[in-house]
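Listed next as structure tokens is one chain, alone, in the form predicted alone.
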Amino acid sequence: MTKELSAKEKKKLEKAARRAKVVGDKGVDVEAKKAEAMRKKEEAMKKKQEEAPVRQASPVPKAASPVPQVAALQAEGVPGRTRKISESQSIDPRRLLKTTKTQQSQVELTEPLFTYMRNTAGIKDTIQTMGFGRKDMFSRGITKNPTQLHRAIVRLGFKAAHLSKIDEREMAEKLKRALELFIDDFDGRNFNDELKQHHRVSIQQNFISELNPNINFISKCHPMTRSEACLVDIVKEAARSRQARDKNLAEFKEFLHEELQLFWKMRVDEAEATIANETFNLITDNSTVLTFGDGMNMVRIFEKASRLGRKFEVIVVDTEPSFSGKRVLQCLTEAGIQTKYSTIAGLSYMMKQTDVVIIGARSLLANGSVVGAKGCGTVACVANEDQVPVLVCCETYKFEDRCAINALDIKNEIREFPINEHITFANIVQDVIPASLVTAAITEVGIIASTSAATVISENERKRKDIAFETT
């Protein structure tokens, strides 16, 4: 009994029959002939490339120098051999100048990777060249610095340059204290009522002129975070406002203190309390929450949820080289919250046990991207793969009117983390979570989509302009 052939086998037999017929009619296999011709062509090209001499490119003459009519071109393996260039082959200087300018402009546009980032490696030497000691900031005095910086500002910048673990809220709080000391010690020594009106320097102008060098010093010690920059903007806006124009020195200083305290109370303390309440409603009983980073605001949120009776578990994910998550782990353990600890290497395993990811943000950008601690982007990617919601806690004063899609688009920082006396670990400090990986942003104005940050920024700017117009 013969076995029936499949359709594929039938096609193969038909193709073989047609091929045999063509070979029988012409006496030549056409496909074999084409393959042989292609092989011979490749061999000829390879032989030609091997026989061609490799010559060194002659240096391009400068545009200002006369173009030589005879150029010496040393052949490969034959020293002293030259080749003449005829007058018809001579180079036009104008064309050469145009090409050189184009090449230079293209080179200026290119930039090596990471060179645009703020590198705090070697910042200790930078501080020393400014006239301060490496160990004791005032051991060498400030005689080399033409501007007399405030001692609190110098101390803050010196400590910030030596930090290996960065907590944005703590750094902002330290800057707030330093600014308060600066305001207290401001004496307006350049202000003189006896001078003529056109030679007088107002208290406002004098304050800003003395504040700017101190802020520049801090920015040289470490890139200022969004919280720190916002504090500086609040102080400067208050100093330039119309309400501060007709005040004497004591009233001016008191006004600045009030504005600074009002901002901290309304935009920081009360905002954190509102965010904690919103987050508490999202944490259910017997749930598992995964967090990442060293933000102490997350500790306060979890502590409040625990005090109000929520029964939940927290997974703290940490990363090298600073391992700042150990601090969060210690605080949560002391508060009696059931906690697990894992490095980012075990993130995939821990994510399968997670119900929701809650991360503290350092800033929220206009396109919805979130700037956080290094590694937060990886956490969001794994959560998105396992379909776990990612919630970001961020106050509105941290919203920024700029865009980024990855860690190379922001003003990132390369910082040294000392491992021992002889080895330091250089690494970036911040990371970016794309807007597509963020489920929602928890703010004091409510739970919003991260892409709504631009709307909040526009609304805050409109309110600020309205207030400024009413006071004028």
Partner chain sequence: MPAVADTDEKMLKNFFVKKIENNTEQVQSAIIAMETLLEAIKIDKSSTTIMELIDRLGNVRKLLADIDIVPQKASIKSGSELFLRFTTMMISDIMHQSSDFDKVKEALIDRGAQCIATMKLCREKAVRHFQTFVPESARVLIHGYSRAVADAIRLAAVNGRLKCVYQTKLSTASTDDEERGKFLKEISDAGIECYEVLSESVAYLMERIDVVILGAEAVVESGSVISSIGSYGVAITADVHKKPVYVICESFKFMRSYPMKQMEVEQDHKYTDGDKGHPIGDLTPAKFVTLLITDLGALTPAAVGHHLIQLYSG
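Just so you know, these numbers come straight off a predicted model, no measurement behind them. Residue numbers count along the first chain shown, from 1.
Separately, the form predicted in complex with the partner chain exists; it is not shown, and the next lines address it.
- Query: Is I447 close enough to touch the partner chain in the predicted bound form, meaning at least one heavy atom pair within 4.5 Å?
  - Reply: Because a heavy atom of I447 falls inside 4.5 Å of the partner chain in the predicted bound form, the answer is yes.
- Query: Contact between T424 and the partner chain in the predicted bound form at 4.5 Å, heavy atoms?
  - Reply: Answer no; every heavy atom of T424 is more than 4.5 Å from the partner chain in the predicted bound form.
- Query: Closest heavy atom of E9 to the partner chain in the predicted bound form, within 4.5 Å or not?
  - Reply: No, E9 sits far enough from the partner chain in the predicted bound form that none of its heavy atoms falls within 4.5 Å.
- Message: If we define contact as a non-hydrogen atom of the residue within 4.5 angstroms of the partner, is E313 a contact of the partner chain in the predicted bound form?
- Response: Contact with the partner chain, no.
- Task: Name the stretch, out of 296-304, 389-397, 246-254, 322-330, where some heavy atom lies within 4.5 Å of the partner chain in the predicted bound form.
- Result: One stretch meets the cut-off, namely 389-397.
- Quick one: in the predicted bound form, does every one of L282, A440 and E459 get a heavy atom within 4.5 Å of the partner chain? Looking in the predicted bound form, the three residues L282, A440 and E459 all sit within 4.5 Å of the partner chain (heavy atoms).
- Work out which of E278, D355, E270, E259 lies within 4.5 Å of the partner chain in the predicted bound form, going by heavy atoms. Partner contact (heavy atom, 4.5 Å) among the options: D355.
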